[in-house]
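In structure tokens, one chain follows: the form predicted on its own.
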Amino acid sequence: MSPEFLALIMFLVTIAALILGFPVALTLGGSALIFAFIGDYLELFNTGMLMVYPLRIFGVMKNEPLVAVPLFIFMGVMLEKSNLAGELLEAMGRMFGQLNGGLGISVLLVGAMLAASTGIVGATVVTMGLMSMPVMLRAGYSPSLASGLICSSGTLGQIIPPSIVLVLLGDILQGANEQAAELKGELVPVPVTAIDLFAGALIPGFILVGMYIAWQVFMAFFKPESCPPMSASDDGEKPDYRLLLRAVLPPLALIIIVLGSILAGIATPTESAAVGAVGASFLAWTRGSFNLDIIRAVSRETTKISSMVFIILIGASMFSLVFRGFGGDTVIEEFLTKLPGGRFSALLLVMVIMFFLGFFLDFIEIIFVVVPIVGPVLISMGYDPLWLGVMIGVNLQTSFLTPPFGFALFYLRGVAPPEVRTSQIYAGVLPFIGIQVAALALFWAVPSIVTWLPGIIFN
């Protein structure tokens, strides 16, 4: 048995264990250790390589950009507790609710605003599901359309910056970029940071929002019975522009301060995330939602989510170390470079694999398991790491929507009224999955959509 074959078996066993529901971090680290000792017993692996592992953990601890992760999580959870979504939805509903599809457009706009404010899919989907689903059903919306709108708007936080996915991808792609430079014989690769990904993902994120809204407008024209206007009994009050400004301006100002300071080069993502955390706390205070109980709940949730991310990162570091020790990275490189069709086929295959893995795995698992393996090869084949990162981000966003295990579907199922069937939720997200695929194809055909803004800002 060759070490490369053992690396392939380790990868497949790990994916199978994750699909069966075993804890992610323990699965990644545990399977790597088990196969390392099996490889040592078969004289296919040198366990001396494991001595490097403490240095990798220390490297994670010293990685300053990753400090932004718990700060952005704190910012998002605090905004969730401040009833931001409730005020936004009420204001938007009054503005557009009297139009066919207007309530659906309101949900999408609020989802986009929350995406740029919080970036936490679970919080957004649950909050929107609790508040908007009963109103939409009472207004006569199709349960499937309402489900699709809520789930898709909730996933926007994965691609619209500041996004935790982009922070993690920036760190992983920087390592992949350095490995790709080694493969190409370059000494100093062009760095890839979360700041670059934030700038690259901004326009694609807005395009996705526009495509979602276009679908809602299409349904309002050709199937108006699925999205009727709100009746007077649903909301008899007229549009209140003061209420709209009061609801929109504070979170918009916070977004501009956090994202603008990053893109303008005034602050690093970590520094702007700290400002965002303080700003979110201030907004909660202005709404009367800042007290000891709120701080305790937000701190616990932040600790829980941050711990999950970092322990998965530590387990994934062990997995990639052992996988490379077996020579698995060399096998992947040879396989992708020898595919018929060259680099086009290689990227297409990787994107298809990620798309289908999204049916069963969470985005964090895919980032930490798949991207470090295929990223160096694709970058060494000539793909722009910035563009590649945004493409992967949009693809991973789709994983929240794909049945049977899309997390957004589970979040909505947990809070949706009993009369909304699971099959209706699944049917509702299918058009939006198609929109995601169409967006991927658009960004692939026109790479300047991703690269234009970073080129303007940073050159």
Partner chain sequence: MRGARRIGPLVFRDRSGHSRRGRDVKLLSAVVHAIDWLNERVGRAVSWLTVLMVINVFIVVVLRYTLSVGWIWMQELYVWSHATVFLLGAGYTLLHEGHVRIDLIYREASQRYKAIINILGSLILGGPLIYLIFDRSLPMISRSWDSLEKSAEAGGMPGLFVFKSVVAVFAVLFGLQLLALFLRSVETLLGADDGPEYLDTEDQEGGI
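Numbering follows the first chain given and starts at 1. Take the two forms, find the largest set of C-alpha atoms that superpose within 1.5 Å, and that set is the rigid core. Remember, it's a predicted structure, so these values are computed and weren't measured experimentally.
One more form of this protein exists, namely the form predicted together with its partner chain; it is left out here, but the text below deals with it.
- Between 248-256, 206-214, 295-303, 98-106, the stretch whose residues reach within 4.5 angstroms of its partner chain in the model of the complex through a non-hydrogen atom is 295-303.
- Although its partner chain is omitted here, in the model of the complex none of Pro134, Gln397 and Tyr426 has a heavy atom within 4.5 Å of it.
- Distance criterion of 4.5 Å from any heavy atom to its partner chain in the model of the complex singles out Met308 from the list Val352, Ala264, Val190, Met308.
- Note on the partner interface in the model of the complex: the residue among Leu361, Leu347, Ala139, Ala181 having a heavy atom within 4.5 angstroms of its partner chain is Leu361.
- Mapping the unseen interface onto this chain, Ala439 falls outside it, with no heavy atom inside 4.5 Å of its partner chain in the model of the complex.
- Contact check for Thr270: a non-hydrogen atom falls within 4.5 Å of its partner chain in the model of the complex.
- In the model of the complex, at least one heavy atom of Ala277 sits within 4.5 Å of its partner chain.
- Its partner chain in the model of the complex is approached by Ile19, whose closest heavy atom lies within 4.5 angstroms of it.
- In the model of the complex, Leu55, Ile57, Phe58, Val60, Met61, Lys62, Asn63, Glu64, Leu66, Val67, Pro70, Leu71 are the residues of 55-72 with at least one heavy atom within 4.5 Å of its partner chain, listed from first to last.
- The rigid-core alignment places the CA of Met318 less than 2 Å apart between this form and the one not shown.
- Once both forms are fitted on their rigid core, the CA atom of Gly205 lies less than 2 Å apart between this form and the one not shown.
- Taking the rigid core as fixed, one finds a CA shift for Pro251 smaller than 2 Å between this form and the one not shown.
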